[in-house]
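A lone chain, given as structure tokens: the form predicted alone.
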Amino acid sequence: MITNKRYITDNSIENSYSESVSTLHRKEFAQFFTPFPIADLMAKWILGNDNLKTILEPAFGLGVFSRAILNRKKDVEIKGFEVDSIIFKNAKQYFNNTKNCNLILQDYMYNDWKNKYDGIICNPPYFKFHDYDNKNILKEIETNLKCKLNGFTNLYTLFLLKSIHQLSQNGRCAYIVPSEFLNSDYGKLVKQYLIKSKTLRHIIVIDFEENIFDDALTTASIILCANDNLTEKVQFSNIKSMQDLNKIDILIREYPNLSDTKQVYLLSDLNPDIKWKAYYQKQNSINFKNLVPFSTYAKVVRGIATGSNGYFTFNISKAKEYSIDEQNLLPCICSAKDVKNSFFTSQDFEKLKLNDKAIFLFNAQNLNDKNVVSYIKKGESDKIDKKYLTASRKPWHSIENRQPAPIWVSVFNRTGLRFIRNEANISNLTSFHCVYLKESDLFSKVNIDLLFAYLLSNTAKLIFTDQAREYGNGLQKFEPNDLNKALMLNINLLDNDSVNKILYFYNLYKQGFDCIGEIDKILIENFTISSYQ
């Protein structure tokens, strides 16, 4: 029997559920609910399959996608998988009278591999690689899909790959996922699979001013796939607001005719080894000439990872409490907010020390010191030695042997990269990356002052943005390899007069004058492509 029931066309039941369970529970199961207008849009893509009979919702939740589909087409068979027994119970009650909706309390990733579906629609869970059964799920995927994946691959992309594998002939797939994989290192192998499958049709990047997922610090994208051989092209689109959803509605209605824009590419022309933001976002570097990788001049590596900042970081008060002498403490910047300016000096460090900020790391040099031994035993009683990072170190309480970097660079930012000159010559945690200059005969004449002057410029920050990973609310993140691969102006080509002018304004800037604009003028004059000027 097919019910004539009308299904809820807003997020009221998701909102009620969110109020009835703890935030901790929702976080444990990565429950971020899709706004109904977006779910309805994705449902239209699935409904575009004229032979639609069977539908799979791999992460069912409260069935927002199934509600959208059933309101438009009753005569379909829906199967839904869910791992959280609490939300499963809620969903079962709501769909109790829907005889063509089969809900299963099982992990989708370990079940149902042999079945094919005409439509698969999903908002998969977003977990970091160390927050789920990474090893076994990767093995499951690699065994069934005959492909190799990066060990850091995020779970949501594994859901997507499995679903593409399960599409029947002419079947369609609609996923809403974080955009992270489009521009991350682990995403290369995922993108390879998408290209090889020849099913990718649309990537719609949602660039709203606010996050579409409540409490989720991520930018989303809608991935639309079809196993139909109707086109060999893929279209990238950007939507800035809910009002732009009608543009996507038009794209769906006109399929397989893709609009004639610069953001339409042959699948065979897509390069999985680059950040795909190059396909949907204007690249700033195209306006400049004589560009080289930043790795030509420097190498970027992450800061020191302790495995337990609460245990390893010290301020003066804590050092006194545990009677830890400073010879067993390593001077270190532990928080990015403690660095206010572009130059961090010994005087700045002393001010933080006087203000009792956490500016040391426990560094057990003297194992004959009974207080050091006592603090190590405290760590073991608190099971610090069993944590993810500490368990792999010998001894567990040792910290990474990393020389202080002459330059630090921010990991997260909203207003452009922050580069800091580490004049105090102290270490740093992972809130900053370390920038080490490369030594070579070719670039030996480029001194650190010239490079740092360049890094302070708005021109440098603009070009670096091409490699940024973008999250919600304008937040950007750079991993070390994002910066190593990023382009920069080849400042080695500057003539002596330009170098001297840059260093002149750089020294004025150090004295407190706002001279960055003057440095930008020199760089633009030397490196900008004339048509851009």
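All residue numbers refer to positions in the sequence shown, first residue = 1. What you see is a predicted model; the values in this text were computed from it and never measured.
The form predicted together with a small molecule exists for this protein as well; it is not shown, and the discussion that follows is about that form.
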Candidate from Phe181, Phe159, Trp276, Phe95 lying within 4.5 Å of the small molecule in the predicted complex - any heavy atom: Phe159
Answer option from Ile87, Leu200, Val177, Leu149, heavy atom within 4.5 Å of the small molecule in the predicted complex: Ile87
The small molecule contact in the predicted complex: Gln31, any heavy atom under 4.5 Å: yes
Even though the partner isn't displayed, in the predicted complex is Phe81 close enough to the small molecule, meaning a heavy atom within 4.5 Å? yes
With a cut-off of 4.5 Å between heavy atoms, is Gln106 one of the residues that contacts the small molecule in the predicted complex? yes
With the partner left out here, check for me: in the predicted complex, does some heavy atom of Leu52 sit within 4.5 Å of the small molecule? no
Going by heavy atoms within 4.5 Å, which of 262-270, 427-435, 280-288, 117-125 lines up against the small molecule in the predicted complex? 117-125
